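The form predicted on its own is given below as one chain in structure tokens.
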Amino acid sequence: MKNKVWYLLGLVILFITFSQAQEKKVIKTDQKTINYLEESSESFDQRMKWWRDDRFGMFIHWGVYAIPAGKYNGKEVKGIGEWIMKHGEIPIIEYEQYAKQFNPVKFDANEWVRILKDTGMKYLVITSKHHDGFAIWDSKVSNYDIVDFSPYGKDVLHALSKACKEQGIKFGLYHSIMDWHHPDAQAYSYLKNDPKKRTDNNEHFAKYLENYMKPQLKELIDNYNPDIIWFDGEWVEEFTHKQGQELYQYVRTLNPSILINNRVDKGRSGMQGMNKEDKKYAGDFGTPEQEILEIASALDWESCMTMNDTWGFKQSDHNWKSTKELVHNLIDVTAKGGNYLLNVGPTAEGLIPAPSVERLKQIGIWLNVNGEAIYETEKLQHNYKQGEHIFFTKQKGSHVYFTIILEKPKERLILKNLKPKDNSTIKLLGFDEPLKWEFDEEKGLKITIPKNILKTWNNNSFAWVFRVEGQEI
């Protein structure tokens, strides 16, 4: 009897052990089968939908570099503000002194998000860690962060992610692959002032990637649930194409629905930002920097641009683009099927500069009237523009087209590629009065604009939008 009990007990233990082994085996097998680099087009389109619809977002470059604000040892340092550590050849121990002064007591997450939302922007991407290696969240992987290393002692990302969630804004995080501070990843060719710490040993960078960068990314995704991870600094020689693919896979494993730009890998072709075609590179969208694609693209892309010349705050940079130019950029990008990520560089105190706020407010006023020509639109199949000053967009899933004109029109506006629906109404957004029109197969669509409306065009008009229900020809 005793032997039988032991026999039955042994069978139970064997069954449990076998079941656990099978469970582990299934989990391991499932993990192997999920290759996010081989995502179906249906799944990709579903994941990208909100981003394609939103069109317009705010980029924020903010960190320790706002303290020197372009000056080192009393002298102006050439180049963009957030690169002052490299361009000024500032030793790490000296740069850390700026970090110990970083105390943005005027930072208000709700105010930043309110400004963004009033502008008509739909998502935010902020530098969680730039090339200088300083983190603006409470990292447990390192104490080189805003909570442990600076007098401020508060988690900026927690406040911003909470404000975005409460105000219905998608939340994204920029994260630098390059790191001038970490001993295993000090972008060796960039820190000329510290040759002892430079190395060409790729093993050091691989160690940094596995033991430092990936754990920090896991913190960011687990704690702040970002909708986007926006990588940069992928051009360092020590970072490889294989590591880029693995990094993309790693981040998607942590959050399968997250969006990741193409700088996660080595495919970006310079500032033009789109991937080269010599091999398969990871990344969900291209990233033209400080430029707009010359022609429309079938691929997803986002043009990131500054309002002045620098990304991070630089006291001496007053070369501000006009609101008109910024609105026209948004229109140009949208008509070509892209997104527009417009940057602000807050001060060390935590304030968005007044010239930025002024322009954002004016953009918001324009979008409040004309936003339906921007959001949830798509590019036309044939011609996205007519001449140099007329652009077109199409409302998704409908027969509604928008003609966006950048310069004051004449009394007769002639359009070559739109045919209105019979007996339909054409309207100029912002005006109640329907416009007279006539269509000829050879001459095109002629819209008559009354003189009383033409007189209202002024310096703050920026662009007019005509709503046409019909079809593209």
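Start at 1 and count along the sequence shown; that's the residue number. Keep in mind it's a predicted model, so treat the numbers as computed, not measured.
Omitted from view is the form predicted in complex with a small molecule, to which the following refers.
Asks: Heavy atoms within 4.5 Å of the small molecule in the predicted bound form: which of the stretches 385-393, 227-235, 367-375, 317-325 has them?
Replies: Of the stretches listed, the one contacting the partner is 227-235.
Asks: Of these, D145, E82, D265, D179, which has a heavy atom no more than 4.5 Å from the small molecule in the predicted bound form?
Replies: None of the others qualify; the residue that does is E82.
Asks: Among the candidate residues V357, M271, V105, L299, which is the single one with a non-hydrogen atom no more than 4.5 Å from the small molecule in the predicted bound form?
Replies: Comparing distances to the small molecule in the predicted bound form, the residue within 4.5 Å is M271.
Asks: Please tell me whether any heavy atom belonging to C304 falls inside 4.5 Å of a heavy atom of the small molecule, as the geometry stands in the predicted bound form.
Replies: C304: yes, in contact with the small molecule in the predicted bound form.
Asks: If you check in the predicted bound form, is R55 within 4.5 Å of the small molecule, heavy atoms only?
Replies: No, R55 is distant from the partner.
Asks: Flag F134 as yes or no: does it have a non-hydrogen atom within 4.5 angstroms of any non-hydrogen atom of the small molecule in the predicted bound form?
Replies: F134 lies outside the contact set for the small molecule.
Asks: With a cut-off of 4.5 Å between heavy atoms, is F59 one of the residues that contacts the small molecule in the predicted bound form?
Replies: Output for F59 is yes: heavy atoms within 4.5 Å of the small molecule.
Asks: Is every one of Y174, E289 and W311 within 4.5 Å of the small molecule in the predicted bound form, counting heavy atoms?
Replies: The answer is yes: all three residues contact the partner (heavy atom, 4.5 Å cut-off).
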